[in-house]
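Just one chain is shown here, as structure tokens, and it is the form predicted alone.
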Amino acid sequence: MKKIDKVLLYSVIILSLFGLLMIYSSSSIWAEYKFNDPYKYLKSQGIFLFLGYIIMFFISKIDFKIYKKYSNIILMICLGLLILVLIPGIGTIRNGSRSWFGIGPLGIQPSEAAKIGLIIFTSKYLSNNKIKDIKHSILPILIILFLTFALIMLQPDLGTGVIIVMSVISLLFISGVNMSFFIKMGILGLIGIIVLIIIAPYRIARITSFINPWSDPLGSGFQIIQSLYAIGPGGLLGMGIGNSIQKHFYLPEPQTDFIFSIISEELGFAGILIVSLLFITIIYRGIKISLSIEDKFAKYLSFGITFSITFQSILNLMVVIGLIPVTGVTLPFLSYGGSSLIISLLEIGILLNISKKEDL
């Protein structure tokens, strides 16, 4: 048995500790105003980071093959939690979505667990079945994917739903599914997105603000405008840690989805470069693990995890710089949010365990 991928491990630790620093820097003003405690978000995220590290190291010791054995049970638990969170009195509403189980001031988001649950199930299914006939071979995956997406959209949480769909589609793609399937899925997806936009007026406002945020600068376009105001002045070295202007009640809750804006403002191009290099390293090591392992289940699983983290990161960055409408997706390892952080570290734990099986 080989040693774990230390490059991957150290990159994740550095990035998540840097995220903790930036969460404090971006949230201290708001936390002091709202809770009379500038360390409120720092302490909460610190607890989740500590728990996440414990989970990551624990998971890195567990043989990945156990997930294949219990993949159906894992998936059923994830779907059960997605149903439970929709029940009033059990699930709580935050920011307009019934996506959380409230535990005191903290919240747990079951849709985050559904991401890894569906990746495990799909990886097991593809490793056990040869894709010969699209209609019959992958029909169970499509049914489960549609059910999961529907439950998440009832919350609603479009961003997480899109990440799950794209992660499964990526696994089907590398498994050798015919390209015509993806064309049909793309057309259906486009129709579905149009329907989702039509039935939810707030999504139309997001589209409008994305096309021209200055059409409603104090309403739907406010957040993206303030994000661009944060990124713009950063320059080469930024304004310095703690010296952000936009965190002074201009950019709403900058410690969450828009933390990259504060990083850009305070650390400039240098900060962007450091964060980008750390993400590229994590993605590269994840792909290398997937290419190096012989076990088909591990190959699919490691690729699915790596793609999910990559796609979520790109989605967040595209929102921050105004390339796509606001989705509510966090930046892995950096944004404030316990559920996202713990699941991301759990996924890294799985990658670390897989990395023991091959020389990388």
Partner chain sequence: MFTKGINKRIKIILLVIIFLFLIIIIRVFYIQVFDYKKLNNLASNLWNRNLIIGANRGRILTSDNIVVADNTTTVSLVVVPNQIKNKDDVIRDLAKILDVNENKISEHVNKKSSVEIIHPEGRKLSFAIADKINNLNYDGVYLLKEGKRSYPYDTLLSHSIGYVGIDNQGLSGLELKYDKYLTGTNGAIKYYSDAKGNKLNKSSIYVEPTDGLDLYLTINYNIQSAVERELNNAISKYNADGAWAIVMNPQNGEILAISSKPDFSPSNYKNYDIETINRNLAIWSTYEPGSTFKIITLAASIEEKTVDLLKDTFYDGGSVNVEGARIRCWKAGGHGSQTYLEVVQNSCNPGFVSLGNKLGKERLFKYIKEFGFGSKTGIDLNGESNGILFNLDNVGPVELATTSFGQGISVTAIQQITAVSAAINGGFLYKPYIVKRIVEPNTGEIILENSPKLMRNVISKETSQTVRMALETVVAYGTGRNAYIEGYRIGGKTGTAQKVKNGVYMTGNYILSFVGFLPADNPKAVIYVAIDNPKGVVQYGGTVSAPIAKNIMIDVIEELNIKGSDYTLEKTYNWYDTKYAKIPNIIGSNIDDVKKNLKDFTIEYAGNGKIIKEISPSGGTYIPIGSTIKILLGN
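Residue numbers count along the first chain shown, from 1. A quick note: this is a predicted structure, and the numbers were derived from the prediction, not measured.
Although not depicted, the form predicted together with the partner chain is the subject of the following passage.
Visitor: Does I280 make contact with the partner chain in the predicted bound form, using a 4.5 Å heavy atom cut-off?
Guide: Yes, contact at 4.5 Å.
Visitor: Heavy atom to heavy atom, is N72 within 4.5 Å of the partner chain in the predicted bound form?
Guide: Output for N72 is no: heavy atoms all beyond 4.5 Å of the partner chain.
Visitor: State yes or no: in the predicted bound form, is some non-hydrogen atom of P325 no more than 4.5 angstroms from a non-hydrogen atom of the partner chain?
Guide: Close contact is absent here: in the predicted bound form, P325 is far from the partner chain, nothing within 4.5 Å, heavy atoms only.
Visitor: So in the predicted bound form, does F173 come within 4.5 Å of the partner chain, heavy atom to heavy atom?
Guide: Output for F173 is yes: heavy atoms within 4.5 Å of the partner chain.
Visitor: Thinking of I272, I287 and F307 as the candidate spot, does the partner chain come within 4.5 Å of a heavy atom on all of them in the predicted bound form?
Guide: Judged in the predicted bound form, I272, I287 and F307 all sit within 4.5 Å of the partner chain.
Visitor: What stretch, of 116-124, 75-83, 149-157, 236-244, brings heavy atoms to within 4.5 Å of the partner chain in the predicted bound form?
Guide: Single hit among the candidates: 236-244.
Visitor: To verify the annotation, which of these, P140, G192, G232, G186, has a non-hydrogen atom within 4.5 Å of the partner chain in the predicted bound form?
Guide: Partner contact (heavy atom, 4.5 Å) among the options: G232.
Visitor: Select from 24-49 the residues with a non-hydrogen atom within 4.5 Å of the partner chain in the predicted bound form and write them out in sequence order.
Guide: Contacts from 24-49: just Y33.
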